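Provided below as structure tokens are two forms of one protein chain, presented individually as structure 1 and structure 2.
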Structure 1
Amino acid sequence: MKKIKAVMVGQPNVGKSSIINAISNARLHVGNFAGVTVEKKEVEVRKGEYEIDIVDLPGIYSLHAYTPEEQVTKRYLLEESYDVIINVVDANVLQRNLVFTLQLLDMRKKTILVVNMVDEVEQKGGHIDAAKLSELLGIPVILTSAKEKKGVDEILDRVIEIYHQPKCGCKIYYNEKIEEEIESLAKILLKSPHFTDYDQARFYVIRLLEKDEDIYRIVHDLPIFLELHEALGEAMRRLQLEFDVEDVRDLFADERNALAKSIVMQVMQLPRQETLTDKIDKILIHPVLGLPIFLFFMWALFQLTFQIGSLPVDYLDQTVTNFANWLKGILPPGDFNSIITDGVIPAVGAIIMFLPNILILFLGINLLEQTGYMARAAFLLDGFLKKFGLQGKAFIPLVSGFGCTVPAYMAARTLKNPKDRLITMLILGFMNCSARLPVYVLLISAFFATNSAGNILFAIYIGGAILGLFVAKILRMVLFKGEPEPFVMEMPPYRFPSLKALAMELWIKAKLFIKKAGTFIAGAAMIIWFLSSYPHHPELESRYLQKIEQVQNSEQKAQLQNELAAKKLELSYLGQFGKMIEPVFAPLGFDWRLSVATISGLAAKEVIVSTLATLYAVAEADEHSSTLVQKLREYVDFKAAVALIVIIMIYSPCVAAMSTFYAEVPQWAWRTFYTIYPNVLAWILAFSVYHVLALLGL
């Protein structure tokens, strides 16, 4: 069995994974690249007498790598051993993708070009001449549609075919003056015994002219470095004078853009009639109507999230209560019975009740992404974000923050400028993640009218985002002076969402949520139960039990039972901790219970709900008044509830999110600032809101 190793590389979202999934009889292995957390996908497939190993490299826009994923891909291309490069490009944005292809062809390695999503071009009445494209580039070209499994099987045949060729037949050359400088410098490199291949020397020279630090480090220790360094400087000066450019990198970028444009003009035909996408875009990205339409979509999404998501809440609440009561009667009396029926089940149940709300929110966001509207939203908000000192591409991690802050921090890697990336990461906590949704729904249900609930939820999410923008503006003016980098994003065609993909995404989200509720939240609930149940006070219990036995009136008995539960809770470890931190939160109208719940939210925002369920519903005998909403109305003031909402909107995200920030930002100064400033800001704004409401008599 002969082995061939191929690497699949291309810009993000060109469909590499879809092509790998479409290759029949392939065995997929998923792991991480050595030393980093970047995912590595590898497939093994047999074709005749050949065993082909294909490594799917992370998406990369250019060999000028910025993000960790791009660095991994670049390092693999430069340092690892492989036989064939499979370069995948998107037919819809062929010219932009070919710029990276031309960089790959500089390497002069055996390369195949796979033009994916060609079906979308053909649906528009367009056509790509694969033979002409192959002739111009000097490499095999395959037209594919991974979605329709068209042309995918041909990839393996071409890999085997090009494997047997002596070398790449690439035909790409630059301007005559540029090639003269490349050849002159390559001759110096070839003086070193480390270089025996002209093609490799030529590639290294191009990268050196483009100020590639990775290549510079490789040649720095060679004996011919001094001669090369001097000649390189002179070559750059000559090219700058010849082409009137300040940076030779701009010269190569212009050359590749011109080549890519010329090639596409020769091989691609598109009808000039207005497409359906163009017609829709006239409305959705209209300079005046575009932004109000986007805000309307977001408002409608939050209305649906609350109105539809709240329908099964009472049913789920009653189911959880009935299950807890049933289990209480089956399990033997004692601590184990109490920890399960009074601690874990009410806490986990309080979280599970909000699963419908979260799934509706995720469904809406996924629909916006799959249809192609999210890219339009980024375009609409680009100019708006720049007014607040944010780079347009920041929209992607900011929107991701509405789902979960952890991947949002990772999505910020796409921002190449360190200042832009750090500002974006410092305000991501203001984008209300889905974990906060159960807390908001609970507090809105308890303290606001049902007919205005959706509007309140929308106001919370928009309010958090607007506050984040103002903080970004202040950070840009005070700590990160300078203008954000310009932002360019192609507009994908509108696509009908894949129902299978939507269902799978929702299933994964639901499974992860339930798993978190059944493990982490349940564990937190056990800890909260233990702290709220111990130490025992037999004398107190005995005294109250005597009083209860002497009373005949059922209402007085219930009142005494509630008093006993309240005193036991107040004397517990949790009560002692709450009393200790209460002075910090007292100016916000919080009692010790709300103070404890607020601190517990640092573990995970959903824990606030389960903590409140434990603190306000423990030892409650009357099942008709045991719902958390009713207990909150009884014990929490409206002003304090609004202050709590403000705190949750602003203060530090969960431990997992904070850990991700620390991993992404190694500087301790910024870690410290990130840890302190949102909590101080949250307290100040919550204090202000509480006292303004007090002045208004609310």
Structure 2
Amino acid sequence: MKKIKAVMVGQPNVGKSSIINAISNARLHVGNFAGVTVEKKEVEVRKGEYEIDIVDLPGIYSLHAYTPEEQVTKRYLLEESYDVIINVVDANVLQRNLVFTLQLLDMRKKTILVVNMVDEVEQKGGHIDAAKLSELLGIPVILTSAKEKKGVDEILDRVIEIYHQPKCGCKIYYNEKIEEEIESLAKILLKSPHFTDYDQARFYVIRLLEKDEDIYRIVHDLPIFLELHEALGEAMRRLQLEFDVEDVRDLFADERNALAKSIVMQVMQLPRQETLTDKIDKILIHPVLGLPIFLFFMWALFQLTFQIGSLPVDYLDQTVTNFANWLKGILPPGDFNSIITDGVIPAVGAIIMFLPNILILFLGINLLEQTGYMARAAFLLDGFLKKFGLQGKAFIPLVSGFGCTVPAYMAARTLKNPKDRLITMLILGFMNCSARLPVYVLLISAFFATNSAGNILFAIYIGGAILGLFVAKILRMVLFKGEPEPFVMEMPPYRFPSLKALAMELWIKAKLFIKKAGTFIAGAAMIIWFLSSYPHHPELESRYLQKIEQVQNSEQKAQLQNELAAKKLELSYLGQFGKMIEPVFAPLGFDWRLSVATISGLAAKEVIVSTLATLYAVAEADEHSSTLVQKLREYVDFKAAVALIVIIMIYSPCVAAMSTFYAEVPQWAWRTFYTIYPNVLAWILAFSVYHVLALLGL
């Protein structure tokens, strides 16, 4: 078995993931690149006697890496060892993609070119001459359509073939004058024993002429550096004079652009016609209609999340309750029975019930992303976000934040400017994540009329977003003075989302959610149950049991039983803890139970629901308040419920999100700030809301 290591590179949105998914019999691993939290996809395929390992590198526009993710790809290309480069390009925009291909070919590594999305070109009546393209570039060219699974498996054959060739057959050279300078500089580099390979020296010289700092750092410590540096300066001056440019970087950009243009002219016919994207964009980013349409989409998404998502809730609720009762009957009575049927099942059940809501929200966000609408929203909102010291691209992490804060922190990497990134990350927690949805749904159904529920939910989400913007503005004025990063962004064409990819994503989300509910949240529920059931107080119990026996009336019996349960809970470890922290939350109208639930939300926001379920499950014998909703209405007053909603909107996200933030932001000062300020702000705002409501007489 021979091993071949290949890397897959290409500009964003060329269909690399689709190709990876379309390779047959491949095993996919998803992990992280060493030291950074950038997702690393890797596939292993067997082909004859070869084991081919393909690493999918994050999308990169140019070797002049701009964003942190592009930096990851560039580093990998320069520093890691691999046998073959698979360069994927989008046939629709071949010229722009080839400019990057030409940069890659400077490396003179064994490279194959995969021209994807040919189905779209053919549909437009276009044609690409692969043989001619291959001849001009000097490397193998494959036409593929990941969508129709055409040509994808041929990639492996070409990888094996080129693996056996002695070297890259690239034929691309720049203008003679430029090549002359490159050659004489490369000769200086070759004097150093570190360089034995002319092709590598040539590549380094080109990067140096383009003022690539990563390469500069490598050659900086070589003994020949002084000589090289001087010669480099002279070469640059000569080239600037000769070609009348201000910067040699522009010279290479122009050269590659002109080369790419002439290659495309020779190999491709693509009739220019008004595309579907043109037509749709005329409406969706219309100067006047664009924003209202966008707001309508968002509103519709939250309505759907609530309305459709809540349809199966009663049914699920009943099923869980029945299951718990059934299990209670067959398990032997005792602590184990109790921990399962009173602790874990209701807690997990209280959360599983919200799976439909969460899936609909995720589906909505995925649709935004996959159809290409997300970029339009960024375009529409850029002017607006700029007022708050953010930029349009920040919209993407912000919207992802409605799904889950963890990937949203990672999505913030598309922002290059560190200040922009930090501001965005600091306010991401105000975008309500889907884990908070169960808590809101529970509180809304308990304290608001059913017909206004969707609107209240929308208000909570919008309210969080607006608060985030104001905080961003303040941060920009006080802590991060300066202009936000310029906004330059590709708007991908509208594409009909791949249903298979959508279904896959949803399935993965559902699986992860159920797994989280079954492990982490069940574990948290068990701890909460344990803390709320111990220590036992046999003396108290026997006293009450005596009392209960003495009374005849069954109503009085039930009342005493409730009293006992409430007393036991208050004396439990959790009760003691709750009493301890109660003073902090008392000004918000919280009793110790709400205080404990709030703190438990730091583990995961869904845990608030299960904790409430455990803590308010005391009135077991009370027949007219069987569900959690009814119990909440009974024990919690409206003002405190609203204050709780405000707290949940603002305070620190869960531990998983916090650790992601710590991983992304190395500075201790910002980590500390991030850990403290949302909680202070949450408390202050909840306090104000509580007292304003009190003034209104609610």
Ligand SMILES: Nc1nc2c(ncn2[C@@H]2O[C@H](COP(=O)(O)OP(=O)(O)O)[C@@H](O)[C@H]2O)c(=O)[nH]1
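All values reported here derive from a predicted model rather than from experimental measurement. Whichever C-alpha set is largest while still superposing within 1.5 Å between the two forms counts as the rigid core. Residue positions are counted from 1 along structure 1's sequence.
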Structure 1 or 2: which one is the form predicted alone?
-> 1
Is L185 one of the residues whose C-alpha moves 2 Å or more between the two structures after the core fit?
-> yes
Determine, after fitting the two forms on their core, whether E541 shows a C-alpha shift of 2 Å or more between the two structures.
-> no
Displaced residue check between the two structures: E634, CA, 2 Å or over, core reference | no
Between the two structures, C-alpha offset at F252 (rigid core aligned, Å) | 5.4
